[in-house]
Ligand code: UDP
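Just one chain follows, in the form predicted on its own, and it is written as structure tokens.
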Amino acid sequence: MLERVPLLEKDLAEYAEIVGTDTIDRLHALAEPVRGRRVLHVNATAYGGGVAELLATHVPLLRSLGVEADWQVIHGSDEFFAITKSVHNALQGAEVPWTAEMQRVYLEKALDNALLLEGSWDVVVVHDPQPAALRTFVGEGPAPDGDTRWVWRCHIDLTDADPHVWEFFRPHVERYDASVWTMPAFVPASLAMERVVIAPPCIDPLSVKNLELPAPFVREICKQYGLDPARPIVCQVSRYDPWKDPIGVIEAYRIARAEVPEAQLLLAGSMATDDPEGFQVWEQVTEARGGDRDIHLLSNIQQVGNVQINAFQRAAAVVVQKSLREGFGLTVSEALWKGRPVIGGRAGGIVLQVRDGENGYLVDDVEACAARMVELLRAPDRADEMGARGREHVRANFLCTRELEDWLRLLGELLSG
């Protein structure tokens, strides 16, 4: 069988203080038609990426509402994950080889995983390209009423997808009963599917990564990892991925430091099991750092986990997410929720979160990023005001209860039809 991910329990009632009792009551009403139904989420990794973070909250909240929800991950070889990383890059617009041999390896592994899928499910939700062909090989599959509903959730930006790679995946995706996307612009015009849902991801305000932390604790965490809490910190939290442009962040920081010499830069992220490219990017970023003691590179290899990321984001004077392509960028909402302004690349879901000039800035190049760093570092009161507006923007639009509502509506539609 596929690997089942163990999860902590969550109680929806605990979110009432943050989102209000009306929201909690509405979620219970929406859950009524789907209580007792079996919902399975399938993706490629249990940790190290935004999808894993989303599911670690979403599945327990479904359970809290009486849905029999589960989360399982597919099996894959190094070769398979190297291929799916190429697919990910191609679908975001990179030029990569897409050979018959790569397609064969991908489909064979998809078939292997389809044969491992067990149980009777009312709805199976498959995340991103890695397991996308499961639907093709499973067929209709068993369900209590003999008809499992299938949903494909695409978390990446397909606005400039390689047409050959997308055309390979499109017939597999069109076998699903519905697809869910972060933004309308991500949906390829060639997709022939009746039910297409737009539902941006959200953060969990009660997760370890987002819980309130005492200021002395935050400062101590920074000291433990070599940062000086008395000096301003510029921070980017993301996987070590070329699309996140960590080298561009270093270049922008060096320009800004010429005017704000006391500033420090922290790049912190994690290595995901389905991203073999991460270690190569780590080496490239290390080379770009060039031994600069004011540029700090950290990852889960240095025991950086959710508590540390929480502290770093809270300690930052400015948070950066200078992505060149981005599905959503959960770290943007995480930082805004902590009251920090964000300088974001004008890409993907970042434009949904950063309101240019209100809670941060959108930038298109290294020079603009550096100029905004300088502006915010020199005006900490303005940075705090922007961060406060950002927190309310996230409260209204990007907390996990809103995403849960989107999914309950979709599940209700699929299971009533």
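Numbers follow the displayed sequence, beginning with 1. Note that the structure is predicted; figures quoted are calculated from it, not measured.
Not on display, but discussed next: the form predicted together with this ligand.
Visitor: According to a 4.5 angstroms non-hydrogen atom cut-off, is P33 in contact with this ligand in the predicted bound form?
Guide: No - in the predicted bound form, heavy atoms of P33 and this ligand never come within 4.5 Å of each other.
Visitor: Taking heavy atoms and a 4.5 Å cut-off, does K209 contact this ligand in the predicted bound form?
Guide: Because a heavy atom of K209 falls inside 4.5 Å of this ligand in the predicted bound form, the answer is yes.
Visitor: Would G329 count as touching this ligand in the predicted bound form under a 4.5 Å heavy atom rule?
Guide: Flag for G329 set to yes.
Visitor: Although this ligand is absent from this view, report whether K244 comes within 4.5 Å of it in the predicted bound form, heavy atoms only.
Guide: Yes, K244 sits close enough to this ligand in the predicted bound form that at least one of its heavy atoms falls within 4.5 Å.
Visitor: Are I83, Q130 and P276 jointly within 4.5 Å of this ligand in the predicted bound form, each by at least one heavy atom?
Guide: Answer is no for this spot.
Visitor: Can you work out which of V249, V234, V237, L336 has a heavy atom no more than 4.5 Å from this ligand in the predicted bound form?
Guide: Here the answer is residue option V237.
Visitor: Out of N89, S270, T148, Q264, which one falls within 4.5 Å of this ligand in the predicted bound form, going by heavy atoms?
Guide: None of the others qualify; the residue that does is S270.
Visitor: With this ligand left out here, work out from 283-291, 176-184, 74-82, 301-309 which stretch has heavy atoms within 4.5 Å of it in the predicted bound form.
Guide: Every other range fails; the passing one is 301-309.
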